[in-house]
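One chain comes next, on its own, written as structure tokens: the form predicted alone.
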């Protein structure tokens, strides 16, 4: 059965097929910007990036001030924001005005270039990662052959921003937070990448659209219901490993030691206020959504789901929000581990298991081939 016949028989909202026009090309064709040469192509690319970027920023704007509070309140049997507008939704606007209107206080001994650049590095590194994510319904900015490597590389730049923030703040608690962030990210980035490579062995490619496309095959046909070959079902062990490493990478409970308020005030962001704090806070949630996007892409079939192909982006966003819900559940239910426990879990646990999973996957794929 061919790839197209498989997707048709499953009746799923399929991904952007390999070779199809990307979002900038679609915008260029629709608006006629392609007739203006390089300038028109650059304008179309800017418009496409503007649309995707604002979609992610809108999701982050809802998640940070509102959804996080509502979800945490539901888990802990409390009442969250409910005064400002219907269901408290206007708290998003209120928080934005409150934070952006505050005075931006700079520590006297701060290293200004690093202090000023750190929030931008944290936020922009996550935004760059969405450039190669196939979101369905024709929404993908770029599709390089090394897409998975690219998204891991740009996401890792955030570690540099956290170190800059901790060092430049001239605050011992901030410095401790920055050092913890480095130790944590190094300990968990390796298992994260190694586990991701096990997916590459299955798909035979680093290209994001190819990885998604490989998951449109049928894993098990039960007659009425066909179970797709999502890599979370093909290799659930790798899926769990990747989830744990991702939670540590984005610094969510129980792995939020770089900003542990009970120990180091707020870690690397202690000395940040006003728009700088907003950028760091924004970057934190953007990285959560980027982690969810990577998980959805390489383990959950990307934009695949029931219904017509046009619903692909809807299913993709649902999967991202599902990962976000899981992070908030863990935040409410699981206590924080100590920094020594965190490092031990990374180096002695996940690292060994991730390499074992990689070897086992290679053996299985080799035997099948």
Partner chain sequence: MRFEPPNVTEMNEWIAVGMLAFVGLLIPLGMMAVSYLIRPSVPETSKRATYESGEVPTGGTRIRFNIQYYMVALLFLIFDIETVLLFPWAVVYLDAVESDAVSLAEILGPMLIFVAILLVGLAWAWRSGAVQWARSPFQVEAEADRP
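On a predicted model such as this, the values are computed, not experimentally measured, just so you know. Residue numbers count along the first chain shown, from 1.
There is another form of the same protein, the form predicted in complex with its partner chain; it is not shown, and what comes next is about it.
Residues placing heavy atoms within 4.5 Å of its partner chain in the predicted bound form fall in a single listed stretch, namely 188-196, out of 72-80, 251-259, 85-93, 188-196. In the predicted bound form, no residue of the candidate spot (163, 228 and 314) has a heavy atom lying within 4.5 Å of its partner chain. None of 295, 141, 234, 244 but one reaches within 4.5 angstroms of its partner chain in the predicted bound form through a heavy atom, and that residue is 141. A heavy atom within 4.5 Å of its partner chain in the predicted bound form is found for one listed residue only; from 219, 240, 157, 146, this is 146. Although the partner is absent here, residue 308 is not a contact residue: none of its heavy atoms lies within 4.5 angstroms of its partner chain in the predicted bound form. Among heavy atoms of residue 168, some come within 4.5 Å of its partner chain in the predicted bound form.
By the criterion of a heavy atom within 4.5 Å, residue 210 is excluded from the residues contacting its partner chain in the predicted bound form. Its partner chain is not drawn, but in the predicted bound form it has a heavy atom within 4.5 Å of residue 124. Along 251-273, these residues reach a heavy atom to within 4.5 Å of its partner chain in the predicted bound form: 265, 270, 271.
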